[in-house]
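One chain comes next, on its own, written as structure tokens: the form predicted alone.
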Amino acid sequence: MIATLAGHDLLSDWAYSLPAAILVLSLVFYPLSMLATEVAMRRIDGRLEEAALIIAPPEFVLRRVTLPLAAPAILAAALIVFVLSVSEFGVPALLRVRVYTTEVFTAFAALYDFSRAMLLALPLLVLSFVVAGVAVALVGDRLVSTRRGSATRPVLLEHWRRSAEAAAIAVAAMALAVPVVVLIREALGAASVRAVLEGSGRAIANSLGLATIGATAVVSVAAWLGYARARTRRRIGQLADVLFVVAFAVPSTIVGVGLIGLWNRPGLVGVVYGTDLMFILGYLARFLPVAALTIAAATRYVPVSQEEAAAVSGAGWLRTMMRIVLPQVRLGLLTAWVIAFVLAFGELGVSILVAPPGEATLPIRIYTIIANTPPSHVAALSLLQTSVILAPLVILAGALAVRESR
């Protein structure tokens, strides 16, 4: 019995530690590096690997041909994951790990020292800009390009297909299946799950409504920014990519402090402060860049010749957008909306700073009750949040599957 309690205490201590935060962040950001690697591999001309396999073993071809061709995209993804990890607030805050972003939050939320919070934010802003610039330089124009370089598929990794699939399943189980099973087990210990959900009903409704409105606002603006990015000149486009990546990588606490400094003023400007519009502004500031890049990638599929033909026929730019461009990128718009909704529904760093008095979203509710509420209650709310996030992802996956089958 004593040994069991000691083991439980040891596990609890480890859960609230820097290694645990690193593990969680690794699982959270793993899809970014995985998708970047997949895209890089798909762009490799399989004929290069086939030619090399005639005279060399697979291990040599992987080391001297495949990895060097995919290395720029993989390194760029690693840099972006690095800056996103440095900028993360939610995971370290929940695991009680002191990092730079939590210091910015403490300087403002606890000490009410706006100047100190801004000074602490400067190194992170510089880091975000430098890393984003290097990442975009490595990837180049391919950040918004989805065209394949060759119709020939890469063939080298067919040798390791089974082991790769097993590794992917293991990561998925560790990142999603195991936590969900643990949450379900904890939630079953609640006396009344319905009472728990009803007690947080206002926060749940706020999250659903604000995330829906926020995602719609993000996509409404991102559609025009994405189109402009896809149609602009290469050098200007790469500069825009840097700005987009920097804006997305800026820590949420810095965005929250900046919004407060901008809108917490006397006069007409201050009318917005203290209302739910601050949530929407936070979502726009944080998630507009990734939505714009998503829509820009989809817009690349629309031939410029179609717009030119419409212009020759006398159609104005707005009519061309509404009747030709947007209908062809509707799946890209749906993807951007789902991404914005998922990110907004789980947003914590900005929301906890700009939330009006008495208002809360579901992430804020979970964050504030986690220390003084039975684990079963927290697990039930976390399961609800997971279910809401998975629902639009399943719909998007179905839409993509239907498109692939055509």
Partner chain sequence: MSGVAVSARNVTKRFATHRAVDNVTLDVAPSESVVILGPSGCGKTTLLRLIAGLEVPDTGEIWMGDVQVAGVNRSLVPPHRRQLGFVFQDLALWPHLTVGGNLQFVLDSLRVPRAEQSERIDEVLRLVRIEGFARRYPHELSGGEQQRVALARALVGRPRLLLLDEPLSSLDAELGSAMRGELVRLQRALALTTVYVTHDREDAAVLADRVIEMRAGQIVRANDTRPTEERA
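Numbering follows the first chain given and starts at 1. As the structure is a prediction and not an experimental result, all values here were calculated from the model.
The same protein also exists as the form predicted in complex with its partner chain; that form is not shown, yet it is the one meant from here on.
Chemist: Please state whether every one of the three residues 306, 310 and 319 places a non-hydrogen atom within 4.5 angstroms of its partner chain in the model of the complex.
Modeler: Yes.
Chemist: Within 4.5 Å, heavy atoms only, which of 234, 98, 194, 323 is in contact with its partner chain in the model of the complex?
Modeler: Only one listed residue qualifies here, and that residue is 323.
Chemist: Considering its partner chain in the model of the complex, which of 270, 123, 201, 327 comes within 4.5 Å of it through any heavy atom?
Modeler: Contact check passes for 327.
Chemist: Work out which of the listed stretches, 298 to 306, 252 to 260, 172 to 180, 74 to 82, brings a heavy atom within 4.5 angstroms of its partner chain in the model of the complex.
Modeler: That would be 298 to 306.
Chemist: Residue-level contact is defined here as any heavy atom of the residue lying within 4.5 Å of its partner chain in the model of the complex; does residue 138 satisfy this criterion?
Modeler: Residue 138: no contact with its partner chain in the model of the complex.
Chemist: When the contact criterion is heavy atoms within 4.5 Å, does residue 228 count as touching its partner chain in the model of the complex?
Modeler: Contact check for residue 228: no, nothing within 4.5 Å of its partner chain in the model of the complex.
Chemist: Residue 118: heavy atom within 4.5 Å of its partner chain in the model of the complex?
Modeler: Residue 118: no contact with its partner chain in the model of the complex.
Chemist: State yes or no: in the model of the complex, is some non-hydrogen atom of residue 315 no more than 4.5 angstroms from a non-hydrogen atom of its partner chain?
Modeler: It does: once its partner chain is placed as it appears in the model of the complex, residue 315 has a heavy atom within 4.5 Å of it.
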